[in-house]
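One chain is shown next in structure tokens, namely the form predicted alone.
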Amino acid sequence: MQSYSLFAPAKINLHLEIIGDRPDGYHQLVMIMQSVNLGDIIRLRANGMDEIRLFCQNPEVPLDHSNLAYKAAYLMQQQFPKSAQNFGGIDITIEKNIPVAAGLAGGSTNAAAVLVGINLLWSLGLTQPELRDFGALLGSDVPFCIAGGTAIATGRGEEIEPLPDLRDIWVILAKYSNLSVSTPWAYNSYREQFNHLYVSDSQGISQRTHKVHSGDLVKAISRKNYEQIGSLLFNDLEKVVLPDFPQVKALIDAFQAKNVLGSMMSGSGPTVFALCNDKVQADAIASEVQKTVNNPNLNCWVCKMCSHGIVTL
């Protein structure tokens, strides 16, 4: 039976700004998102049965309908019942390299890979915009994960506009294995504390969005000014996460003390990333910070920004 293997990159946020509430219960966001070449391998094959089966070597990954990869396959079965009947069920094997519950869109990028893979497996001929529309039904990060690279994401994250690629910045990702932050908790806590700052009118939302589009970070990305990119990192969710999780704040401080280009929490955390000029520097700083922190639960990964989302192997 035909099968496909796909590479599903993780993502970091270079900018995450919460503008206000949306009628659908989500937040109105403006984000600058970036793919990195730390990723999961997703293998898809028709199993000759009627069921969706998930396999993963990481026991933290759920293997049932709560997994976004499962939801992606089920969505495609519902959208294309004739193809689902012709090809039968699907085995999805996830080789998990992205840390779980880390603010790196691991679940979302797996779902994106399943959408892309089933499009190929069933010869559906869907375009990338069509796949992104399906991805938006699954989660706010899924549309970006399909295309990847460097992009501005607006709305609740599903509206994607590409930016010039960044390829030459090295990234250290650092996460405590025994520490997790609930994404709903982070956004709800922000709403409780800062809703007095929310913009609700369409003109105000448009102005705030345009401010990012025309802002210094986008200009720095266009000019490949890596020092300036590092100095302009921004994440609204740090305002609620760092006070409650001082380990995350201490980790950011530890990286900043090593004169990295910049360091910040990714998404809702608890992963911290630091930007470096080259791999030698990144490897050295990752090692130094691990020694300084001296906590066996701290894991570091050195990777590089990449210009793509889901790709076949």
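This is a predicted model, so every value here is computed, not measured. Quick note: we count residues from 1 along the sequence shown, nothing fancier.
The same protein also exists as the form predicted in complex with a small molecule; that form is not shown, yet it is the one meant from here on.
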- Message: Please determine whether residue 94 contacts the small molecule in the predicted bound form, using a 4.5 Å cut-off between heavy atoms.
- Response: yes
- With the partner left out of view, is residue 99 within 4.5 angstroms of the small molecule in the predicted bound form by any non-hydrogen atom? yes
- Query: Within a 4.5 Å heavy atom cut-off, is residue 287 in contact with the small molecule in the predicted bound form?
  - Reply: no
- residue 68, heavy atom within 4.5 angstroms of the small molecule in the predicted bound form: yes
- Task: Using a 4.5 Å heavy atom cut-off, indicate which stretch of 73-81, 121-129, 156-164, 107-115 touches the small molecule in the predicted bound form.
- Result: 107-115
- Which of these residues, 225, 189, 183, 231, gets a heavy atom within 4.5 Å of the small molecule in the predicted bound form? 183
- Just give me the single entry in 61, 250, 46, 41 that has a non-hydrogen atom within 4.5 angstroms of the small molecule in the predicted bound form. 61
